[in-house]
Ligand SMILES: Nc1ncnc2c1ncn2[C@@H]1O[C@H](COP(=O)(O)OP(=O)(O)OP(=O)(O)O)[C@@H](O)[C@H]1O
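Take a look at this single chain, the form predicted on its own, given in structure tokens.
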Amino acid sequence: MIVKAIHLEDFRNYRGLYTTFDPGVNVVVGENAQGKTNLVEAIRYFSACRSHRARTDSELIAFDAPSARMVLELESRHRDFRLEARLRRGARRSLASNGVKLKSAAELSGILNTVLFCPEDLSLIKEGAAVRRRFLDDAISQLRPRYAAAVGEYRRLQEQKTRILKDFREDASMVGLLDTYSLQMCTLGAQIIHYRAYYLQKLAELAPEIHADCSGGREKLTLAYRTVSTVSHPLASVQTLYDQLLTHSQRHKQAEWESRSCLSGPHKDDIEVSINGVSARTYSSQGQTRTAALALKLAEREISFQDREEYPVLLLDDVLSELDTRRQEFVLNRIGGGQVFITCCEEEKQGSLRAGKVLRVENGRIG
């Protein structure tokens, strides 16, 4: 997958931009708050169909503009694509591929895959379970559009069920809806656990090898999937998972009424990360946790390559400056093949990597 060019209108601080990219390495250089991360954000948008740092699309529109437009030209699966997104305040976005309007974001799945590594990802190990679930969801959604749809619908049902649990004492007529939502959440939850279990199986094969390379073989990384307690084997059939989720849901029905919250389901899932047999979140040093985070992100890239037979576009957003020299060199030595974007404040921060193209950003312009 190769991003050839991008055109931005009133996106963040880019009023009007058209620039082309190198098929290999692109180093985006500039001082802080000039637009380096905004450029990466625009590229990433077409693979995730949302921003990794904004809550709503309206935040992506220039402050005094009514709308924004993004166009990405790329090569994927040996075909040329022209992807377009129009964002409007107070209105739904519109997406198009090669001039054809798309009905949903799912139709973009598989056209552009990216792996984003930003400073926040260095906290992947130490933060709470929600961060690791988001890592799984973002990675799997790019490869499996049905998973993205299931997660989206599950979240909608969870929000509705939670509202009923909070309000049913005031409106007893809503109680009957709880069982309906619980059954639907079990159906979708079984699909979500199925996808997550198989993805984590691959992650658990690749990440430890990468981690061992970075640590010089001194440390052993292990990953384990933690899900609903009644799920005895996450790699079981979807029907088996559904039955086990339903059992858990029925057992916790009274507890959910009393707590007024959803206690049962994959919205509580986590990845247990251990180094040398002990919890990385609890006991590992900053250097160890950063090495583990590197291993997870680089393993994500390898899984995408194995699945698509094309390297995803790798986006390294100001992450090298957060790493020591040894880890910088390890990352740079691991990204052979595929297209890479690296943002940094100083050109020397690119380490030993030979840039294919240097793009200097200043106040939303590339010189």
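Counting begins at 1, following the sequence as shown. None of these values were measured; they are calculated from a predicted model.
Note that the form predicted in complex with the named molecule isn't included here; everything after this is about it.
Only one of Val27, Cys49, Ile303, Leu60 comes within 4.5 Å of the named molecule in the predicted bound form through a heavy atom, and that residue is Leu60. Remark: Thr325 does not count among the residues lining the named molecule in the predicted bound form, judged by a heavy atom distance of 4.5 Å or less. For Asp307, no non-hydrogen atom is located within 4.5 Å of the named molecule in the predicted bound form, even though that partner is not displayed. Contact annotation for Pro312: none of its heavy atoms lies within 4.5 Å of the named molecule in the predicted bound form. Among heavy atoms of Glu31, some come within 4.5 Å of the named molecule in the predicted bound form. Using a 4.5 Å cut-off on any heavy atom, the residues of 1-25 that reach the named molecule in the predicted bound form are, in sequence order, Arg12, Asn13.
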